[in-house]
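Next up is one chain by itself, shown in structure tokens, the form predicted on its own.
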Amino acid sequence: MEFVHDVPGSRVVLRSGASLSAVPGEVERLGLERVLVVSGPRGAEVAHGVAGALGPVCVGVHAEARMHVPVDVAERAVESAERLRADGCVAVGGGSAIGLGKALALRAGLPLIAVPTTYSGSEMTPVWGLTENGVKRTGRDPAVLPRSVVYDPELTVGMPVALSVTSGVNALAHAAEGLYSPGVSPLVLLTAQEGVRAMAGALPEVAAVPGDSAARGRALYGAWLCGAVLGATVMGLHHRLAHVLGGSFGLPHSETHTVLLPYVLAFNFPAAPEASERLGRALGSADPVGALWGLCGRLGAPRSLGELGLAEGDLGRAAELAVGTAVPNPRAVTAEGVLGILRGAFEGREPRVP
């Protein structure tokens, strides 16, 4: 057995009401005196609630986060932070808000506190992303890893079931791809399996009773573990495809992850039998691809890239862009292979492991 285990740590708080009761203490612990709160437009109300809990320490709310973090949006946020002389940032929301917070950490050097309201898991990673001229660039920098992550199940109770499902499967994708990441350590493998088990168990409960705070807490627990796997591993073909389809074709982030995941796993698992077995144990099935496909279907998740807005004529271009950047992957990545994944996902036919 050979591996390298190098996992930077974040302080994590998970409890109901923590967005109001714990965030001020986390700001004080970091010695911050002028904090900018960032969010997306739809999350502005929650962001203002967090700002109110911070009191005079909060110097403003910047509610302009957008999906895939366009460079011009990041630049406006940096300008706002500099104008307000902010010395820290609290990002409240889903992946878009936390992505903008990471851009501030990267470009303005602000310590970041993340208050997730979805299950994306990006708050547990040192991965940043910026989109410019239709191309999404990503990178890793320890500076963007949040110093504290505050999980509050109450903030997710109002999340629509459809978004809850796709956000949860987005988190599952981090753990599933981590199972075949090169050099993955035993601890990360165990974390990935527990993250999948927790999220796959919580999502049907959330869909059945959206207001169940306990089920929401279990989903956040799963998101934390799945995000930690992404933070400790390198991204493979699945994440590369999701970034291409989101950054270059404007497809919605979590929905794209949800549609793609079974097809990418069906493509990769012949070359990663141990990963397939581990995912199967976490899902309680000898056929993990079929189990995942069935779970998504029962929860009403989108089935095809076509219904997300991708045109059939874009498949070839998307495949070219995906293979233009090398990614570690258990199976060789070719334009033909990627086009096969995309065509299956575009048509929405049931994925089969060769």
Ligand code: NAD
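A residue's number is simply how far along the shown sequence it sits, counting from 1. On a predicted model such as this, the values are computed, not experimentally measured, just so you know.
Unshown form predicted together with this ligand; subsequent notes refer to it.
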So which stretch, 110-118, 273-281, 218-226, 177-185, is the one near this ligand in the predicted complex (non-hydrogen atoms, 4.5 Å)?
-> 110-118
Counting only heavy atoms and a 4.5 Å cut-off, does this ligand in the predicted complex sit next to every one of 68, 95 and 163?
-> yes
Residue 136 within 4.5 Å of this ligand in the predicted complex, heavy atoms = yes
Indicate whether this ligand has at least one heavy atom within 4.5 Å of a heavy atom of residue 156 in the predicted complex.
-> yes
4.5 angstroms heavy atom contact with this ligand in the predicted complex for residue 256 = no
Quick one: is residue 42 in contact with this ligand in the predicted complex, heavy atoms, 4.5 Å cut-off?
-> yes
Answer option from 241, 206, 230, 149, heavy atom within 4.5 Å of this ligand in the predicted complex | 230
Sort through 189, 200, 127, 234 and report the residue having a heavy atom within 4.5 Å of this ligand in the predicted complex.
-> 127
